[in-house]
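Next up: just one chain, as structure tokens, the form predicted alone.
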């Protein structure tokens, strides 16, 4: 019998394993895939944004309504502790102009290799290709090699991921076992994902793949300055990911979600109105957008796509309305919300209805934007649960 079993070999699970082993527990990690942390590696292919360097109070505010529940974990393992932990693995960091923190080597693979070596040296055992099936009394049932095996442990920490990127392991397959055990769950919804917009065929043909840079996005009172890319079915990119929660709230309230785009965030309304007055009345609409407002390409075509009239341009350019049809499929989302609700867990992330069973990471219903906030919270939750389970 092992002291602690971790189900899921992603960053939250590996951090739980490290925290528990450091406190003297015997730890085994069971992973459904042949190798550990596949989503972690994929996220790091284009640069592993592991945390953010902004002040902690500002950092915590990024978690919105979930900040109250996440704050104790993030205070226990704040961004500066993450960079110190990386240094202990021999991984330096670099901080971008936006404050986002990356490994010096940029990718996730060097960090993961060093981490796994340290866990192995600490006596943590790994069992790949073990897919969790459910509970059987106090035992855990895993499918391995076509057969079901029973494993017993004093405590279990589940870190099976949410519903995004299912091909990398976060497929929500654990839900059936939790529901069979009487643990009520919330449905998964995509977050930090692409938005669906019903473009005209002409717009898609000309501007599919075109970037939208230097703009501001707004949903109600929530706004974000960033970038996006026009896709065949809508928009995706870091600038709109922060709009996910506000859009979901609109949809949940039965409202038609509208994404507003400020195409000229550095220009005041009065200045735009003056430019319109000074423009020649015989100018074509295209020339007006280009000469008076400096808009070309996809930005100029977006104005037409939104049906803006000449006289409404100043307001339209500052709050260009796009009707959002919904989110793209979960498979394309960076993260998800839903899963185990906060009220089902105690302050150390133990399941109230199942003593000695903990849940960490994206299995739990919380949300955060991209920028290092997702990984930071997963690591912090794993740390706290691992320590608590090892007591």
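Computed from a predicted structure; not experimentally measured. Residue numbers count along the first chain shown, from 1.
FYI, the form predicted together with a small molecule isn't displayed, but the following is about it.
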(message) If we define contact as a non-hydrogen atom of the residue within 4.5 angstroms of the partner, is residue 69 a contact of the small molecule in the model of the complex?
(response) no
(request) Report whether the minimum heavy atom distance between residue 59 and the small molecule in the model of the complex is within 4.5 Å. (result) no
(request) Using a 4.5 Å heavy atom cut-off, state whether residue 325 contacts the small molecule in the model of the complex. (result) no
(request) Flag residue 174 as yes or no: does it have a non-hydrogen atom within 4.5 angstroms of any non-hydrogen atom of the small molecule in the model of the complex? (result) yes
(message) Only one of 337, 48, 357, 340 gets a heavy atom within 4.5 Å of the small molecule in the model of the complex. Which one?
(response) 48
